[in-house]
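Let's start with one chain on its own, the form predicted on its own, as structure tokens.
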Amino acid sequence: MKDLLVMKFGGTSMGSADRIRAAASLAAGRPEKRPTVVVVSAMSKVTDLLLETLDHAEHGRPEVESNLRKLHQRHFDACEQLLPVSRRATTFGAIESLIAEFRRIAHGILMLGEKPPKSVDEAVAIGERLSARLLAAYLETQGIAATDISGSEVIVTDANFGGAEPLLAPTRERAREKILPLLESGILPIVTGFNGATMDGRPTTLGRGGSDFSASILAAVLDASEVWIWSDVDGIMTADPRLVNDAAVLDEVTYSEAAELAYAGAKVLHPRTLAPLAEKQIPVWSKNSFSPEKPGTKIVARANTWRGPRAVTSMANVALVSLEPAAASVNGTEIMGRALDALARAKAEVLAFSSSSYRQSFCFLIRKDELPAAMECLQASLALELAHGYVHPMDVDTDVGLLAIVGEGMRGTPGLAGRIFTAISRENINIIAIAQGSSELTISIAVARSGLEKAVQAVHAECELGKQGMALAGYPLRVPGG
């Protein structure tokens, strides 16, 4: 279908009756009434409430029932605020049915005393199904033909519950079969994000960044011309505005830059969300549903030529793990390989990796919440070497932070690394480890956690990434569709 637009609304953009009205206005007011598919997240904090309820059920806690009442009340309140009395009965019934479905799963877990991953995936998808029903019902009251569709009906995945991967060929077939006839009939499809199903219909979820991923999957299989991601931020920024006063919204970034920023902790689309879009070179806009008049940030395959870094980001909840062979006779390369294999089995993402040449010692940064599983796999993989002293005991430092400077224009820029290190050292912050990939797209630096914020501010100022620096650089402003 020509000029198809995919709009995705995040949890804060669906977080209340007022926000759902705003989302409906944006969806209904799409430019030139172009064909549009809407993807929605659960209302803000609802997924957390669902997961917390399942955890209470697993441990036999009484909070299960009070949480169910909260879930019921929040969605019924939104329904009452959104719909006239004459239109509420059907939507009330749909909400009751969905919450009853969640209650059935929660009570099953309560009886079992455990949470089967398949049941968790089926249960947490209820949040998106509830918000999709509310949005579709409200649009109908505004004279907009709309219908809600479960992602399980259109996105086909493998059976990796909790973090499923899409199967694009069957997804393309199902999505076109289900969604295109609606668009041709002038009906606005409201698709639940985050969830899919296996070929034989078992519910799955897509893991971290799942709702954004749903939007990019549908855009790819439906050959969309653009994706608009609506959230509560103005776009992709040069730094976290809570840390840096003059942080600026970037007009345009590349897929690679956005992926690197997300990987290093920025509130940007998850790298795997960008993959289907990058492959088909479908541009994506990051926009603020609370301030829709602002242009946002456009993510594209190639952007205007610039020199130097584009943004600096940071992560505080990380851990630095260091390993060192006890003797030069130990094959350090083999130890590295086995350590990385262990991290892969633990499903831990390596945020930065650094090694020495002679001693063959090495260190890597991972997320703190992935540390227990990573250490268990590392201990098992290197059990013999650790037991016999061939490898020194692993050192774990959780009092560190990750600083990452990102920009395609950093390639071959002389003196840049020196300036960055000098700026950090001027703040009396010790650099613990440094890593830079072969693409020269990102410089990753581990520093003491206590100095992380100052390091971000120092690098941002040194590289002139703020509003004044952006203005002097003369980056052009764009609007969606431009």
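Note that the structure is a prediction, hence the values are computed from the model and not measured. For clarity, a rigid core is taken as the largest C-alpha set superposing within 1.5 Å between two forms. Note that residue numbering follows the sequence shown and begins at 1.
Although it is not shown, the form predicted together with a small molecule is what the next lines describe.
Could you check which residue among D240, E408, D148, E226 gets a heavy atom within 4.5 Å of the small molecule in the model of the complex?
Exactly one listed residue reaches within 4.5 Å, namely D240.
Go through S231, S152, S381, Q360 and name the one with a heavy atom inside 4.5 Å of the small molecule in the model of the complex.
Residue within 4.5 Å of the partner: S231.
Counting any heavy atom within 4.5 Å as contact, can you tell me which stretch out of 367 to 375, 72 to 80, 329 to 337, 241 to 249 lines the small molecule in the model of the complex?
Correct option: 241 to 249.
May I ask you to state whether P325 is within 4.5 Å of the small molecule in the model of the complex, using heavy atom distances?
Flag for P325 set to no.
Can you tell me whether P283 touches the small molecule? I mean in the model of the complex, with a 4.5 angstroms heavy atom cut-off.
So P283 does not count as contacting the small molecule.
Using 4.5 Å between non-hydrogen atoms, is G10 touching the small molecule in the model of the complex?
Output for G10 is yes: heavy atoms within 4.5 Å of the small molecule.
Using a 4.5 angstroms cut-off on non-hydrogen atoms, would I236 count as touching the small molecule in the model of the complex?
Looking in the model of the complex, residue contacts with the small molecule include I236, since a heavy atom lies within 4.5 Å.
Return yes or no for S314: a CA shift of at least 2 Å between the shown form and the other one, with the rigid core superposed?
After core superposition, the C-alpha of S314 moves 2 Å or more between the shown form and the other one.
When the two forms are laid on each other by their rigid core, does V456 show a Cα shift of 2 Å or more between the shown form and the other one?
Comparing the forms between the shown form and the other one, which are aligned on their rigid core, V456 does shift its C-alpha by 2 Å or more.
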